[in-house]
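We begin with a single chain expressed as structure tokens, specifically the form predicted alone.
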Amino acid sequence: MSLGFPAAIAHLPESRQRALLAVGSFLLPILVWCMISYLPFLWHPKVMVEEPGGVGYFQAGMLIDHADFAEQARQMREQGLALPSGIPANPIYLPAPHLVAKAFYTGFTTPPQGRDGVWLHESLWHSIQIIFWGFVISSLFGVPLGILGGTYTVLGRLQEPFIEFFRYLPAPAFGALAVAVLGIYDGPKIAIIVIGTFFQQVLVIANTTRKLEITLIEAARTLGTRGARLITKVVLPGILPDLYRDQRILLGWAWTYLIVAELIGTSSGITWYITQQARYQHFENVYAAIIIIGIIGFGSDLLLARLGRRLFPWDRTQERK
């Protein structure tokens, strides 16, 4: 059976193979999640109380460890009192898929609870703005420095040792300093995104620039091309497809810093929403918000990949997703 599936897939057209495997990469984890959630014999370490019986502190809907539930049932039996009843259940922090799907919908349609609550779409939009400005600022400085360092050996040797050192410093460590300098609102959050991506960006783009055929640069210099013309007419066109792909990857790194960045200063954005929902133990809303972040990040990467194929049709290394 396991050997038949790859054989069956192999006979399909490449586009169909790619589509089926892409769908399968998501369906398999969801299937495991469903099995854990809906098959009580697989992994249900708790008991959800249906009838408390004679146990004073039991309440309907309460989650109890199996051992504690069995002990209370034994005591009720010895005392001749009504026995409690319950069904196997997972911990509160692992909601079932249908609960997360429902929270995904209600997050956009149900008003927030409490005066300090926020709509899910408002939180998402705020976080997207943080990512956008942080990555734009990082790119405005990181891309030119990376290209210059990769083109000119002297500049590369001058800047990269310090950048190599600095990139190992955790960006969140600068949170208190960022708040002191930039205030408690969005400034320090954007700064953390910048710090987290800028130094990586310089090194990655410098390495990409060095992969350009050296014969192209030497020929251009032989023909008298120097300075800005060398960068704009030879280097930049030569590395543009790879530079675009690097930026896609680095944008994903920016998203990984989002949660930490939004905890600095005043809580805001999707992090504030997740924190509020976790505080009230609405873990289905937490999972829904986390999944939305993944959908936005993955979706934007797919759009950028498709745009890249349109912009650079001659680049055979463009990924076919």
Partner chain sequence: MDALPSYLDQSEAVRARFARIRQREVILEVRGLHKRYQSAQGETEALRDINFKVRRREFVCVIGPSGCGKSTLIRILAGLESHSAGDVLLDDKPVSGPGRDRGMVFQGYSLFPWLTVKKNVMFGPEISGFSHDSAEREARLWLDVVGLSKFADAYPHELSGGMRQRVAIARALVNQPRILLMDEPFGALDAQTRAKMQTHLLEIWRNLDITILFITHDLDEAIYLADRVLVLKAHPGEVQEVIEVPVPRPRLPGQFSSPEFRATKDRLEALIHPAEEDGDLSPALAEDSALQQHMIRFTDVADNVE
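Positions refer to the first chain, counted from 1. Note that the coordinates shown come from a computational prediction; the quantities given were computed from them, not determined experimentally.
Beyond what is shown, the protein has a form predicted in complex with the partner chain; the following relates to that form.
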Answer range among 186-194, 129-137, 86-94, 224-232 for contact with the partner chain, defined in the model of the complex as heavy atoms within 4.5 Å:
224-232
Let me know the one among Ala219, Ile249, Leu81, Leu99 whose heavy atoms come within 4.5 Å of the partner chain in the model of the complex, would you?
Ala219
Any of the heavy atoms of Pro237 lying within 4.5 Å of the partner chain in the model of the complex?
yes
Interface membership of Thr215, the partner chain in the model of the complex, 4.5 Å heavy atom rule
yes
May I ask you to state whether Pro13 is within 4.5 Å of the partner chain in the model of the complex, using heavy atom distances?
no
Gly299: touches the partner chain in the model of the complex, heavy atom cutoff 4.5 angstroms:
no
